[in-house]
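Before any questions on binding or motion, here is one chain by itself as structure tokens, the form predicted alone.
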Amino acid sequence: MAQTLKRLGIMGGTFDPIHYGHLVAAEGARHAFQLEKVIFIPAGRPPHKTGRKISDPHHRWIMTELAVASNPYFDTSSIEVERPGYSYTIDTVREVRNLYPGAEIFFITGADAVLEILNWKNVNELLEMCWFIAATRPGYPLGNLKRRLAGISPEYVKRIIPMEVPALAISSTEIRARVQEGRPIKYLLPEPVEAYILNRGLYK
């Protein structure tokens, strides 16, 4: 039976790998927007990242599970990993709405991802169904975001809320590069995730 929640967060991302920046952003949004739960949903097959090799979805989902295990307000879902074809946010939000009818949904993702929102599938319907929290690193030029959103109706633009997250100076790209170069990744991501990466030989 579906849980009855009034305010629900979805943390979307490739999580290749998940790191403290993602966790701090989710916890910050949970506090600021009084979310009762945040569900981390790793992208199965992201349509916007076809140009680079992405780790197996099941590795990314397991790392996400390991990362959120200690927070009682966090959960994970493998719906995108299990869904065939490309992972579109609109399909995920529809599915979450069916699981949690009546919940107000807040989709948390990086501001860089939101910059591409005009290219997302069914963007107007998506912005009707949920709020977007655009997590930014300090000093991020919000003018870029405002210019890119100029093509969206003002009633929808107000449903995209920037939120500064200092820990987003950490990036998955940097972590992958460090592993490849044999440099330390300790304290950039939870210890169980670090152990999983090293034990499985990911990013070598």
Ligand code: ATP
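So that there is no doubt, residue numbering starts at 1 and follows the sequence shown. Given the structure is predicted, the values throughout are model-derived calculations rather than measurements.
Keep in mind that the form predicted in complex with this ligand is missing from the display, and what follows is about it.
- Should His31 be classed as touching this ligand in the predicted bound form when contacts are defined as heavy atoms within 4.5 Å? Taking the distances in the predicted bound form, the answer for His31 is no, it never comes within 4.5 Å of this ligand.
- Can Leu126 be called a contact residue for this ligand in the predicted bound form at 4.5 Å between heavy atoms? Heavy-atom contact with this ligand at 4.5 Å: absent for Leu126.
- Examine Arg176 and determine whether its closest non-hydrogen atom to this ligand in the predicted bound form is within 4.5 angstroms. The answer is yes: Arg176 has a heavy atom within 4.5 Å of this ligand.
- Query: Is there a heavy atom of Ala25 no more than 4.5 Å from a heavy atom of this ligand in the predicted bound form?
  - Reply: Taking the distances in the predicted bound form, the answer for Ala25 is yes, it comes within 4.5 Å of this ligand.
- Segment that reaches this ligand in the predicted bound form - one of 63-71, 31-39, 146-154, 163-171, heavy atoms within 4.5 Å: Result of the contact check: 163-171.
- Is every one of Gly21, Thr109 and Ala113 in contact with this ligand in the predicted bound form, taking contact as a heavy atom within 4.5 Å? Yes, the whole trio is in contact, each within 4.5 Å by some heavy atom.
- Query: Counting only heavy atoms, which residues in 4-30 are within 4.5 Å of this ligand in the predicted bound form?
  - Reply: Read in sequence order, the residues that approach this ligand (within 4.5 Å, in the predicted bound form) are Met11, Gly12, Gly13, Thr14, Phe15, His19, Gly21, His22, Ala25.
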